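The chain below stands alone and is given in structure tokens; this is the form predicted on its own.
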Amino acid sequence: MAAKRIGWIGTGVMGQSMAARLLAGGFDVAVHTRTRDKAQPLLDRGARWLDSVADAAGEDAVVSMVGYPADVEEVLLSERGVIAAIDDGSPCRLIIDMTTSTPSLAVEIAEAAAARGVMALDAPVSGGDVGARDGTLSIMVGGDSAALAAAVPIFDLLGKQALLQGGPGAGQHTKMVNQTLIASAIIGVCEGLLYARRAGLDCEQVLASVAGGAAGSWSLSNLGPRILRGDFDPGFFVEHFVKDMEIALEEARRMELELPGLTLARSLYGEVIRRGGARLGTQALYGAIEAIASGGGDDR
């Protein structure tokens, strides 16, 4: 199956750049989002507008990149969603959900799609706004090899790699591993830079030294400079990261697994939200850690 017409649902921080890459790569992209104004940059570049998510069933493939599992369920599984609109005359033969969602929902989507003769993949991503813009995302795929083969032309424009992790839901489980790793790493970045400031060091010089050693990480290299600039704009929203951590913790409880580091990170990000930072980037954790370390003060 060679999908040429893509129905894209969701044009947030990540979705906007990802859909733009498909447009630039020669795909015929039709978009839908709750607020049409948010899709205007894509429409200006030649995307078509879909009046409803159900209209996406008229495209060769559908990609969803929305916020929460409830949003995924609404756009793909509801009575007014994509899968319900697919019939024998529909061209859609592939559904790719790139939202970070629950493994069980991914299985449900795959089963509902299969009942309509449609392939489905859960394909959450990592790489943030920079990766979405540059097409360097890491794509974690759950589904089967035939569906992945059909999605390769799409994934090639969006990411540096798309690896099949197993059947439906395996992509989401892998993303939970990713988020668990990141959660503790960001705590270390914030605490390390706070220490450097308190010690009176040149923080940019420190960052140049440690990023090239064993402490180096994506979070340090990409979020560290933003923290030093006081740039807490979202590459990935705090509220969405909290959603991901809660999914991971729930899956861990189901597997009778205790994850103390992730539990701590979730608690600290709760403080970010309490301080009004739900729509800031994940690097906003720095402010909460700084306040805790300073007894509520701010030394910047």
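Everything numeric here is computed off the predicted structure, so don't read it as measured data. Here the rigid core means the biggest group of C-alpha atoms that line up within 1.5 Å when the two forms are laid on top of each other. Residue numbers here begin at 1 and follow the sequence given.
Quick note: we don't show the form predicted in complex with another copy of the chain, though the next part is all about it.
Relative to another copy of the chain in the predicted bound form, residues His173, Asn178 and Ser217 are all within 4.5 Å by at least one heavy atom. Ala70 falls outside the set of residues with a heavy atom inside 4.5 Å of another copy of the chain in the predicted bound form. Interface membership of Glu258, defined by any non-hydrogen atom within 4.5 Å of another copy of the chain in the predicted bound form, is confirmed. At the 4.5 Å threshold, heavy atoms of Ala149 stay clear of another copy of the chain in the predicted bound form, well away from it. With a 4.5 Å cutoff on heavy atoms, Asp60 does not count as touching another copy of the chain in the predicted bound form; it lies far away.
A single residue from the set Val53, Leu42, Ala248, Met65 has any heavy atom within 4.5 angstroms of another copy of the chain in the predicted bound form; that residue is Ala248. The contact residue chosen from Glu79, Asp88, Glu111, Asp202 relative to another copy of the chain in the predicted bound form is Asp202, the criterion being a non-hydrogen atom within 4.5 angstroms. Between 186-194, 70-78, 149-157, 113-121, the stretch whose residues reach within 4.5 angstroms of another copy of the chain in the predicted bound form through a non-hydrogen atom is 186-194.
No residues of 57-74 lie near another copy of the chain in the predicted bound form, the criterion being any heavy atom within 4.5 Å. For Gln205, the Cα coordinates differ by 2 angstroms or more between this form and the one not shown after the core has been superposed.
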